[in-house]
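Taking the form predicted on its own, here's one chain by itself in structure tokens.
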């Protein structure tokens, strides 16, 4: 079928105003937040109804057109970079919160709902949706589910998968598949909703998502602990967890990141500190007081030179805004910013911090390190210029070594950013050949023509 004929079919399915063919429009959706080359799609479509989404999915399959679903494009692993000649299906026209049930504590949403807006609406009802990825002000819930996004609260509250109760999704034939329930317990059939989490658009197209909500904590206390070395800070993290204390958040920043953030916003951070821990405990007021006292004691015993406790909500917000400023502040320093998220067991954080320092020196690269230290999910951020071919070659070798060291410590390639295109070549290294082949066989059955986001997670062999 000719391109003009296919375009007309999509216009009939989603509306002429929701089909984009100009080079400018297509270029806007040819890349995402990953440091990878852009790829121009043939078409960009924007369904605004469930029915239109199903029709668009079926049209892609019927015509053998690669389909890449895109929320906000904030992922950092190339999960929404389209396939050559493919179709980008946008979800920003499917942005309704369909239900917030206060009595049974769940919500039903379309995939294009923005994460922070959803959390705010839930909070108005006296409920809490914990997952808070760094991109939450623009990222979508569908994208969060597709990548199994985490965030600062992952240590205590878990990640996106822990809040997915069920979903409806379109298979490649345009049939609506339903899995899960609005009930707390549901073991009806295979856990297909669970299979869709972290699938990065390779197995189905999300239509509606059922999300668990919880009551908010009654009280919280935030504090900043200042350390004379990254080693002391990382050992404190291990000590806090070893003492069976699970803060709501436990974040780390190295000196380079501290200075960069302070220059970025003027948050009042101690620029002479070698490292910071940003810590929040929450729960019942008595529990908060007890755990905060224990955390302060452990910080001091492990070498903290100073502890600052937020006196009010404004100071608390300033502490966490400083942490959220880390990536945008670092990204301003060089043309290319490579944010990794290799994750290790929490007891191995001191060893991983030491490894990152060695790698930075070995390859003569500037690496700012921050991240979710409490759950072992560090974000070594390499500042470089991809146009400098010699330096970029060193960056690629450094990334290889970061993954090697993380895996040697019993860690994983990605704690929250996903595999996408950027890390697919390392997948067998962490898992096994059998795992890779099992995954490919599964995809080949669910997506015989290989149209669903080809090349992601399991590599190009997944293409039919």
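Numbering follows the first chain given and starts at 1. Note that the coordinates shown come from a computational prediction; the quantities given were computed from them, not determined experimentally.
This protein has a second form, the form predicted in complex with another copy of the chain, left out of what is shown; the following refers to that one.
- The partner is absent here, but in the predicted bound form a heavy atom of 189, alone among 189, 268, 84, 335, sits within 4.5 Å of another copy of the chain.
- Exactly one listed residue, out of 203, 278, 353, 295, brings a non-hydrogen atom to within 4.5 Å of another copy of the chain in the predicted bound form: 203.
- Not displayed here, another copy of the chain is kept clear of residue 12 by more than 4.5 Å at the level of heavy atoms in the predicted bound form.
- Under a 4.5 angstroms non-hydrogen atom cutoff, another copy of the chain in the predicted bound form lacks residue 390 among its neighbouring residues.
- Not displayed here, another copy of the chain is approached by residue 284 to within 4.5 Å at the level of heavy atoms in the predicted bound form.
- For residue 442, a non-hydrogen atom is located within 4.5 Å of another copy of the chain in the predicted bound form, even though that partner is not displayed.
- Partner contacts here mean any heavy atom within 4.5 Å of another copy of the chain in the predicted bound form, and among 239 to 247, 270 to 278, 135 to 143, 253 to 261 they occur only in 239 to 247.
- Of all the residues from 412 to 449, those having a non-hydrogen atom no more than 4.5 Å from another copy of the chain in the predicted bound form are 412, 413, 414, 415, 416, 417, 418, 419, 427, 430, 431, 432, 434, 435, 438, 439, 441, 442, 443, 444, 445, 446.
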